[in-house]
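What follows is one chain in structure tokens, specifically the form predicted on its own.
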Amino acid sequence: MSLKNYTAKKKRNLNYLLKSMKEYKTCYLFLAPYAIVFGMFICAPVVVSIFYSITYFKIFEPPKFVGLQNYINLILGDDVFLTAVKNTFIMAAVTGPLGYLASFLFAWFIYELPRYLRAFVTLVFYAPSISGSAFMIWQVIFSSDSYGYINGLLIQLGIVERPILWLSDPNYMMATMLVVILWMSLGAGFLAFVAGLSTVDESLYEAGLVDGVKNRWQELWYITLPSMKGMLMFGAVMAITQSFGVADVTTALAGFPSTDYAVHTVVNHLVDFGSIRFEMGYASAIATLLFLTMILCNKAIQKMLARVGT
């Protein structure tokens, strides 16, 4: 395509956009508040973070351009960051898919309950994931003394002789965190799946019986999943965001920093440099790499979900 044709095409697209905005100006007017807030608090911080990632910027000093030096230092000179990347990918690879699958299965099972019981069970299942006392409960369960529920049970059964340091021994910390993170990842995705299941047209199941659908698993694959692709995508985005954004759980249970950085994550590293050391340029480089990784994972998930029901 020549430059002249490319310019003409761009001009036609711009004219079409302006004409469309004029025709649907009322719709754009209603969208404006959200668009302004989204631009100010989502898009603008991302752009600013990318800019600061190529600078040396202490919070009380003007930024100095350093090019890709922050990224070079991260990848080639920061062993703690590489450890954090490894820990984050382990947590994401285990809790992301398992949490996504478990959220859907629980939502599917609960949706099969009678209507009057379904709302109550949904509330009971979802409420603990938003409770502020969740960390306190897990601290008691995995307490490092004999009064902890897990240690007390193991000692009582004769499996161990002394308490296991679940939250401070590097040999056990990762497994402990995976259990807690997996449990806490069942919140928003589960609720989205319950909502998605309620939007499936019941007449499709009747049509499926006529077309040869023989059991509930075929109904799930050929009718239910294709009918709720939007909620499946939302649940996937939430699962990816939660699995790559782990920080509060490890800080609350294992301390900051954790022993030998055994459960130190990328977000923990970001908080360290951004909120404690105030090296905002370096922290912005960490945030940019994390952002790009999450975007690539979302693209891969979109391609996988596009095949559902085909």
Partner chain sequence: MAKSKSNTSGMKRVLQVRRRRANRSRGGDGFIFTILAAFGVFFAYPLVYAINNAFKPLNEIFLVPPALFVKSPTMNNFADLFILMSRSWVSFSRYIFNTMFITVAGTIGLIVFASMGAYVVSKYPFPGSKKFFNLVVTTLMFTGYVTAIPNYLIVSGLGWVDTYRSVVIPAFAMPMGFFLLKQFIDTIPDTLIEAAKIDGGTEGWIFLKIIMPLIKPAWLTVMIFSIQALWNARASNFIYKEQLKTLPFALGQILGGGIARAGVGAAVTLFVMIVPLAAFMVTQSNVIATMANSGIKE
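Numbering follows the first chain given and starts at 1. All values derive from a computational prediction rather than experimental measurement.
Below, we refer to the form predicted in complex with its partner chain, which is not included among the displayed structures.
Figure note: of the listed segments 164-172, 70-78, 198-206, 90-98, the one touching its partner chain in the predicted bound form, with heavy atoms no more than 4.5 Å away, is 198-206. Its partner chain is not drawn, but in the predicted bound form it has no heavy atom within 4.5 Å of residue 301. Heavy atoms of residue 104 never reach within 4.5 Å of its partner chain in the predicted bound form, leaving it off the interface. Interface residue remark: residue 231 is counted as part of the site for its partner chain in the predicted bound form, having a heavy atom within 4.5 Å. Its partner chain in the predicted bound form is approached by residue 271, whose closest heavy atom lies within 4.5 angstroms of it. No residue in the set 56, 177 and 255 has a non-hydrogen atom no more than 4.5 Å from its partner chain in the predicted bound form. Taking its partner chain as positioned in the predicted bound form, the residues of 269-296 that bring a heavy atom within 4.5 Å of it are, in sequence order, 270, 271, 280, 283, 284, 287, 290, 291, 294, 295.
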